[in-house]
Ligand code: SAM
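Below you'll find only one chain, the form predicted on its own, shown as C-alpha cells.
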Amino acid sequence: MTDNRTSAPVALRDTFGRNFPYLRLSVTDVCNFRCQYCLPNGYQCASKPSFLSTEEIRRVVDAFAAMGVHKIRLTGGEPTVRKDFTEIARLVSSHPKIAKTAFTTNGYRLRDHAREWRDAGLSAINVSVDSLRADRFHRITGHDRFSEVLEGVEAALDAGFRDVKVNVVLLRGVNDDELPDYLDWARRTPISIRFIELMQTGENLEYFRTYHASADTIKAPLEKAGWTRATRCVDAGPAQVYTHPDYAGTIGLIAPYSKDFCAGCNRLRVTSTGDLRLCLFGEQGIALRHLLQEDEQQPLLRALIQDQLAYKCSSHFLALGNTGITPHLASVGG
C-alpha cells in the first residue's frame, strides 16, 4: 500500500538544487553523559535555559511538514532527559504528513522505556555505543552503564523498532581496533553500526588533533572482506552504508572530511531554543521562536524558513578548521 504522506513534492530547496525532506529537531541541550569528545566536563549552563514547549514544537512540525518535510529526528543533548519526551514523541509521530519519526539517544533509559516510545510512534533509533568493552565505554562516556545500554538496544529490537542504528565515534588509539567485535555483533543482529569520524568543534581542538581517525581505516578492511556499498535512500542520513550477504546487520561510515560530503545534504536543524541552523557548522542561527507563539503566524514562519535557504552554503568548512558557532555537538543536536 502506498504511503500518501510521502507523496507531496518537497518545497524546501536551496540554490544548489538540494531538497530537504528531513528535520533534526533538538528538544534539549542537556546531556547526563560526559563523553570525552563532546562534554568532557559534563553539561554546563550559566542560567536555566528555556527549551521549546510542546506547543512551540507542534508549530515547528506543522511548518516544516507543510513545506515537504516527512522525516523528523528528535535530538539533544540527550532528548530523553525531558520528562515530557513521550508526549513530544507522540505529538510528532501523529502528524499526518510525517511518515517517519526517529530519535538519537545515549541509551541510558532505553532498556525500561523502549516499548513505551515505540508505542508513542517512534520507529527509528540511533544509540551511541562508542566501545564494546565496558572499561573503555566507561572511560569515553564517564558512565559505567555499558550493560544497561546494550540491554537497551536489545529492548528496542524486541519492541519492534524497524530501524536500529548504533553510533560509534571513531577514536584513534581508543576504539579503532574494535572493528572485529562490531562485525561479530552485526553478523548476528539486524542493526546498522555507523562509524563516525570525530569532528572538530569550538571546544575540542586538542582532543580532535589527538584522536581523529579517518573513516578509511574502517572502509579498507570492509571492502577487502567483501562488503559492498548500498544505494542511499532519499531521506537517509549521510552514512555510506555497506552490506554483506553473510551478515544480518549493515555497516555505515560517516566521513565529514571526505570530498563532496555535503553534496547530498538533505536535512535542516532547529535547536532546542528555536533557532534554525542551515548547517551543523554554520556561522549563525536564525531565530524562529517569535513566530511560534500563535497558529496564525504559520505563513510568516514558512516564509522565513524558505527565505533563509538562499543563504545555505554549498559545504561546511571543517577542512579549513572553521567550526562555525558550534561549541560542542550537544548544543545543536549533532
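Only a predicted model underlies this, so the values are computations on that prediction, with no experimental measurement involved. Residues carry their position along the shown sequence, with the first being 1.
Below, we refer to the form predicted in complex with the named molecule, which is not included among the displayed structures.
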{"property": "Distance check, T250 to the named molecule in the predicted bound form, heavy atom within 4.5 Å", "result": "no"}
{"property": "The named molecule contact in the predicted bound form: F51, any heavy atom under 4.5 Å", "result": "no"}
{"property": "4.5 angstroms heavy atom contact with the named molecule in the predicted bound form for L198", "result": "yes"}
{"property": "Partner contact for C38 in the predicted bound form: the named molecule, 4.5 angstroms, heavy atom", "result": "yes"}
{"property": "4.5 Å heavy atom contact with the named molecule in the predicted bound form for all of L23, V61 and S272", "result": "no"}
{"property": "In the predicted bound form, segment of 163-171, 185-193, 117-125, 89-97 with a heavy atom within 4.5 Å of the named molecule", "result": "163-171"}
{"property": "In the predicted bound form, residues of 85-105 near the named molecule [heavy atom within 4.5 Å]", "result": "T104, T105"}
